[in-house]
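In the block that follows, a single chain appears as structure tokens, in the form predicted on its own.
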Amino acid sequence: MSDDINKYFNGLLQKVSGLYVIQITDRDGVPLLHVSQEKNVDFALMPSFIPTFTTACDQAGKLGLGRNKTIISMYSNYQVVQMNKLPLILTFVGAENCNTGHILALEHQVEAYLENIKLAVTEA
């Protein structure tokens, strides 16, 4: 990944108070980009966590409400926001009191950078 993309996502991490990790993976959970603060939140980045999100999105699509775009999971100490941007999955891990609306607003800010990453994934 380009240094510019890494700098951009590190900047986003600093903009949202309480945000610990931004990770971009492919649909199978293979990490493509990972930026984090010092807080250890490896549970949300385990190899089985991302593909489970993909399966949950597929199952939610069967409810007849359209394609699932985002899943927000709240835990006692963390929140995990995952966005379906196929062929990419964006995972944001923050503190339990992190502003979820700020995380969701990042979706539109990252679109231009995601296009470059999507292109790299589809060509590979």
Partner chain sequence: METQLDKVLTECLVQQDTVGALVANPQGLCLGAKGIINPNVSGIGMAISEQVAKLEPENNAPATICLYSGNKRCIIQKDGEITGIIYKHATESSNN
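Owing to the predicted nature of the structure, the values given are computational and were not obtained by experimental measurement. Residue numbers count along the first chain shown, from 1.
The next section is about a form of this same protein that is not shown, the form predicted in complex with the partner chain.
Checking 51 to 59, 30 to 38, 71 to 79, 84 to 92 against the partner chain in the predicted bound form, the stretch whose residues place heavy atoms within 4.5 Å of it is 71 to 79. The partner chain is not shown here, and in the predicted bound form it never comes within 4.5 Å of any heavy atom of Ala112. Contact annotation: Leu104 falls within 4.5 Å of the partner chain in the predicted bound form, judged by heavy atom distances. Taking non-hydrogen atoms only, Thr100 approaches the partner chain to within 4.5 angstroms in the predicted bound form.
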